[in-house]
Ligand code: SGN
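Have a look below at one chain only, the form predicted on its own, in structure tokens format.
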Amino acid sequence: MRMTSYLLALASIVLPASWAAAASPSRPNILFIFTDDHARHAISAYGSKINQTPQLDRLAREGMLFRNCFCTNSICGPSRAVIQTGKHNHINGMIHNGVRFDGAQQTFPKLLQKGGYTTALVGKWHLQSDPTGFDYWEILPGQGRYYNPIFETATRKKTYPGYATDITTDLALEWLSNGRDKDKPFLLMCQHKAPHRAWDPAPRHLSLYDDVTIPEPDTLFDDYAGRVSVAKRTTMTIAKHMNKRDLKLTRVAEQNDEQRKLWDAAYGPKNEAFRTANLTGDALVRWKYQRYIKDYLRCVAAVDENIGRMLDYLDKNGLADNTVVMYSSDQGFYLGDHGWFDKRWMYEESLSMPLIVRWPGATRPGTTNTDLVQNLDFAETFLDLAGVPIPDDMQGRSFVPLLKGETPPDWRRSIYYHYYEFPGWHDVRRHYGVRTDRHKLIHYYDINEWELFDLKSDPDEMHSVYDDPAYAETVKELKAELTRLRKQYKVDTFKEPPPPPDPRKVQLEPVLHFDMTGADETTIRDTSGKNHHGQREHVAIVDGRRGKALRFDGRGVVQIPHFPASLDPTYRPLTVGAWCKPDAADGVLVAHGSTMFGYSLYLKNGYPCFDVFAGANPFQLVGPEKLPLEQWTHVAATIDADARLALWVNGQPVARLDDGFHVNDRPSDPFSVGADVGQPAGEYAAPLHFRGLIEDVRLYWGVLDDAAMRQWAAP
């Protein structure tokens, strides 16, 4: 390992008394400060060009900064599960955020408890099950909220007035002062929500950075040439996929009156200036970037301040010399790099994690480490620090020797990465890969595409050299290393869920057809043969256009009472539509899902609309003309294999969106006709009951050709 001085010339460093100790203290306390989505290039100790973090810099000056710390899976819950268990996600079971962590399994806090430590967890948990292995825990439910957050324990929920980052620290300090068993060494995991989306700043920071322009990343306008085909098909671009809530064009619902007053004073004038500017193109992207990055950095500022509070507490209470302080975050994050926000990819900005450790008496202050470490190693390191045996089934390795300035000869030369959450938020394909000190090989295995990057000549990973003959030997060596790692970590023993169907291979077929034949008092039969029978409530069967129709009086609905997998629209091209005779200008024809994942065909102010939601990203079509009331009209919508959207009226396309998206994960609410009785799947307030007649409701997996559409719409 190459040891270098940090920030100060070696000649000018004055070593503290604690470093002069011949040996490190036994059984130290452990303070693990953890954040969510804190990119290391937003830490000045790592050379940030966009902000200053004086308290994290202080920690780096007094400890060791790791330049090559990486996650095993760049997403919140799985990263936390890896830290708890010291095992890859295919072993601990939490391959993506939708999985519930099995808290009964072996975790390092349980082992520390058995080893004589008192343990506590405060802040964001995000593993769905209750924490185990802690003498005290108080956590944010789910993602939690920034303003006036709710915290929960095993026995109660409590709303705390104030800001989540401050309150998390308050609770941690309260436990240190009055809650712990002071006859035992402690483990305290202080885990912040910040700076996670939607990047809501503390009231004291609402105007921070107002007088500066944050430098843009060189790759803000990346066109994704030179990468895999799916790099341009994500829903995480600053240009297209930030919503009004992200951009602070709407208020935060959880604010109290005083917080709302400060919020309006800070954002109101800026939002009005934006509305009157009518920005488009690159100018609009640049405005969104400035709004996003300043809010993100404002959240980081509160984290940094609260780290200072923790360090000051240790100093004032005589705990600093025998407490190991470790700072990290669950993964990296895109700060406009490649035009993105979020994480998930194996590219450097999301793969890399900040890691700074202060261990008085053992770790030389102001040093930097360049060995390859991962969050897979955290559990083993905590156990090693505490003198607790490390179980053989853990898959990482303690980096205590690195903290002491010693790199074992057999230290790893490569790391393994595996991302599973597809379909899902932001549409990053499943992939795994290997990274060495210079090269990175990535396999997008469900589409069988590969990338190879030379990190020395191409640190921004703009051009894959996988097909370059000059790198043929490198590809061969890295594939062999990838095979070795997958065998070492027993990856092939895990059977993962199948990927969604390829939209280009889905055959057109009727999935559902309500033609009202065979209806009884409660059931509308599906005549497609797929048995998607609907249950009707407050809906009459009456004479219709050609046969029978459903009569909706503004309070009824027809709904599939369960959610069969055969109705899952995830990544499917589709055609959906019906004949309708509206009595009112507003109403849902067909809806499935919510504004997270789903679609809806409806009338609003008389205009036909079709909405698709892909991970809370809206794609909308609105017809150019109102539908006539009390007159039969055929309305349909399509999503083709290339995710192009079309709205059809009476067999003719009336609106198109070439840059749309498929529904990209399983909707939470069932398929319904005549109302949307769950969360809204369109830009309206649910349930938006229809008034009038509906008949001949159909859903296909695929796009009807023009002739078939005209036949369906024939009068």
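Because the structure is a prediction, the values reported are computed rather than measured. We number the residues from 1 along the sequence you see.
Quick note: we don't show the form predicted together with the named molecule, though the next part is all about it.
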State the residue from Lys440, Lys294, His418, His196 whose non-hydrogen atoms include one within 4.5 Å of the named molecule in the model of the complex. His196
Among Trp425, Phe382, Tyr602, Tyr347, which has at least one heavy atom within 4.5 Å of the named molecule in the model of the complex? Trp425
Can you check whether Asp37 is within 4.5 Å of the named molecule in the model of the complex, heavy atom basis? yes
Does the named molecule get within 4.5 angstroms of any non-hydrogen atom of Thr517 in the model of the complex? no
Given that the partner is absent here, does Asn317 sit within 4.5 Å of the named molecule in the model of the complex, heavy atoms only? no
Residue-level contact is defined here as any heavy atom of the residue lying within 4.5 Å of the named molecule in the model of the complex; does Asp337 satisfy this criterion? no
If contact means any heavy atom within 4.5 Å, which of 74-82, 362-370, 520-528, 281-289 contacts the named molecule in the model of the complex? 74-82
Stretch 331-360: residues contacting the named molecule in the model of the complex, 4.5 Å heavy atom cut-off: Asp342, Lys343, Arg344
